[in-house]
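Below, in C-alpha cells: the form predicted on its own, a single chain.
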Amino acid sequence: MSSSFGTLFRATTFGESHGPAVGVVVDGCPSLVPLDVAEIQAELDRRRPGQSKLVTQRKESDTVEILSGVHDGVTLGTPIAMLVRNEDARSRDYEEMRTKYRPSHADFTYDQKYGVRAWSGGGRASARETVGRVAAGAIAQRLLRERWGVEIVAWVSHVQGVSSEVDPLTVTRANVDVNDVRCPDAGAATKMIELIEAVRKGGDSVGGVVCCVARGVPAGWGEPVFDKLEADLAKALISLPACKGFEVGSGFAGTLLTGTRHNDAFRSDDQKTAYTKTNYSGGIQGGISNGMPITLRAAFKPTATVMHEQETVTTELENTTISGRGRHDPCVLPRAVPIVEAMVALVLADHALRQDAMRGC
C-alpha cells in the first residue's frame, strides 16, 4: 500500500480509523523553520469531527503530539513524527459490516486486493486517515509562508445545486471560517446550510465542490513531463476520500471557448515583472507555475453512508440489504476545506524544494 506522498518534502501517514492512533512522518522539511504545535493543532481543529451539526458527531479532540524533528520551536531537518490518538471509536456500530459490504465504500475492493480489511470504521479507507495529511500540510504551509510568501485558501463553492460567487484574488481564511459550511458567500452559505441540514434529517447525503487558490507562487515550479505541477496537484486531490473530479484554471469550461478568447495575454509592469491579463491557465503553463495565482477545484461525491436500506452482498457473495449506522458526515465539504489546503501545500512545498535543488540554491 502506498502511504507516502512527495519527492523531497515527503509525508507518510499511518493508522486506521478505529485503531489506537493515526499520524504522519514528514521527511525532508528543511531545518530552522519556526514551528509551533499550536499551528498544527489549529489546522486539525478545522478538520476534526463534531465541530458543528453539519458534520459527523464523533467526538475527537484530535490533540497532536510531536514526537520528533522539532526542538526549541524550530525544525531540526530530521523526520518530524506526529501522533493523534483515537478517543471515540465505536466499533459496535460497524458489527454488521463484518460480513456485509457497504455500497460505494472500499469494503469490497479492499477484500479483493488484500484478502482482509479493517471492517470497523473502514480502516485506512476512512477519512480519519486525513488527520496525518492535515498535520503534514500545516508544516508545509508554514514553510511556504516563511520562505516564499505563499498563501493557500480553500472554500466551499458548491453544495449540490447551490453555488456561490467568490473572488479568488481577495478571499481570506477569515472569510471562509465565518460559518459552519466554510463558504465566504453569506447568501449562498445560508442556503447550503439549510440544504445539508434537510438532507441530514432525511438520512441522506450530498456532495459538491471545493475551490482553492494559492497566491504568491513564483514562476518556475513544476517538473515536466510527468511531474507537471497540475498533474501532481491532480494526484494529490484525487487521492482524497470521496474526491471524484479535479480542474485547474478554466477546467472543463475552457472547452466552450475559442483559443483567442482562452489564451492569457502577457504584459510587463514597471518592475519588469511579467503577468497575464487573464488567468484561464490557472497559474500553470506547460506544467510550470507562471507567477499568477494557482486556481483549482475538487469535486466530492455524496457521503457513501446513508441511513436508508440498500441492496448489497455478503462476504460470501449472497444477496442481502444493509442500512447505514454510526456517525457520518451528511456532506464532507466543510471538513474537506482544510484537507484540500493541506494537499495543495504538500505539492507546492515539494516542488519549491525541487526547484531550489535544480537551481543549486
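Bear in mind that the values here come from a model prediction, so they are computed numbers and not experimental data. One-based numbering along the sequence shown.
FYI, the form predicted in complex with a further copy of the same chain isn't displayed, but the following is about it.
Undergrad: Which of 293, 50, 69, 324 has a heavy atom within 4.5 Å of a further copy of the same chain in the model of the complex?
TA: Here the answer is residue option 69.
Undergrad: For residue 248, is any heavy atom within 4.5 Å of a further copy of the same chain in the model of the complex, or not?
TA: Residue 248: contacts a further copy of the same chain in the model of the complex.
Undergrad: Would residue 310 show up as a contact with a further copy of the same chain in the model of the complex if we use heavy atoms at 4.5 Å?
TA: Residue-level check for residue 310: yes, a contact with a further copy of the same chain.
Undergrad: Quick one: does residue 339 come within 4.5 Å of a further copy of the same chain in the model of the complex, counting heavy atoms only?
TA: No, residue 339 sits far enough from a further copy of the same chain in the model of the complex that none of its heavy atoms falls within 4.5 Å.
Undergrad: Answer yes if any heavy atom of residue 220 is within 4.5 Å of a heavy atom of a further copy of the same chain in the model of the complex; otherwise answer no.
TA: Residue-level check for residue 220: yes, a contact with a further copy of the same chain.
Undergrad: Where, within 253 to 278, is there a heavy atom within 4.5 Å of a further copy of the same chain in the model of the complex? Residue list please.
TA: Read in sequence order, the residues that approach a further copy of the same chain (within 4.5 Å, in the model of the complex) are 254, 255, 256, 257, 258, 259, 260, 262, 263, 264, 265, 266, 267, 268, 272, 274, 277.
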